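Given as structure tokens, the chain that follows is alone and in the form predicted on its own.
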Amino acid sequence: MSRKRVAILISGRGSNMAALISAARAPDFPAEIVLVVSNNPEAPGLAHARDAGIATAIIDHRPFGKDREAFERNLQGVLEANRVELVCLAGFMRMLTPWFVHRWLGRLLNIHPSLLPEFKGVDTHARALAAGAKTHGATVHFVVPEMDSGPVIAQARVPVHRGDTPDTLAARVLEAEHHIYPIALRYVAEGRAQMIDGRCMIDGKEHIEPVLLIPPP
């Protein structure tokens, strides 16, 4: 089996990165994590990647100032040098420009802590609680230039409990994230999930987004 070469981009602890690394250890997993890149030299996830025997690279965004494209050109060079075929964002706290996104359309995945299209952007857990949501969750999607707007590959729904705080809800959603990201990457690496004409197609058919129900603990 030819395994797809995957890079993971992180900015912090990289817990979703760790879930992908763990999944990719399975002999039948169709993707290999070959590189972890961080824009933050102090990102704790870098140590985890190194301990797992995965190559790492640091491209500090600060020297580039407001020139996001210059930063991304350096990133692109590192990805090309490592023959990367798919890119997964895992807590990568940088807005990507159309210049970069268009080069990776259909090969660039992100995980977002809400049931998109609900609660795009940040502070999703606090916003879900403020809105009185009964359920919340996580979404893996293809990245497009518009923030948090790409076609959905997989979602997981979790219950909102009475007395939840943003932190307790976030912890429950994070468990769901760790569950669905490897599933979505598997589908994309196998070629079963594809972005075609702005839609997610699975096995050649238009994808009606699945919601994977995660039971309460």
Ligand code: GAR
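Since the model is a prediction, treat every value here as computed from it, not as a measurement. Throughout, we count residues from 1 along the sequence that is shown.
If you look for the form predicted in complex with the ligand, you will not find it shown, but the lines that follow are about it.
When the ligand is considered in the predicted bound form, residue 106 lies well away from it, no heavy atom lying within 4.5 Å. A residue is said to contact a partner when one of its heavy atoms sits within 4.5 Å of a partner heavy atom; residue 90 meets this definition for the ligand in the predicted bound form. Contact between residue 143 and the ligand in the predicted bound form is not found at the 4.5 Å heavy atom cutoff.
Although the partner is absent here, residue 199 is not a contact residue: none of its heavy atoms lies within 4.5 angstroms of the ligand in the predicted bound form. Checking 67-75, 80-88, 128-136, 107-115 against the ligand in the predicted bound form, the stretch whose residues place heavy atoms within 4.5 Å of it is 107-115. The listed set 35, 174, 31, 59 contains one residue whose heavy atoms approach the ligand in the predicted bound form to within 4.5 Å, identified as 174.
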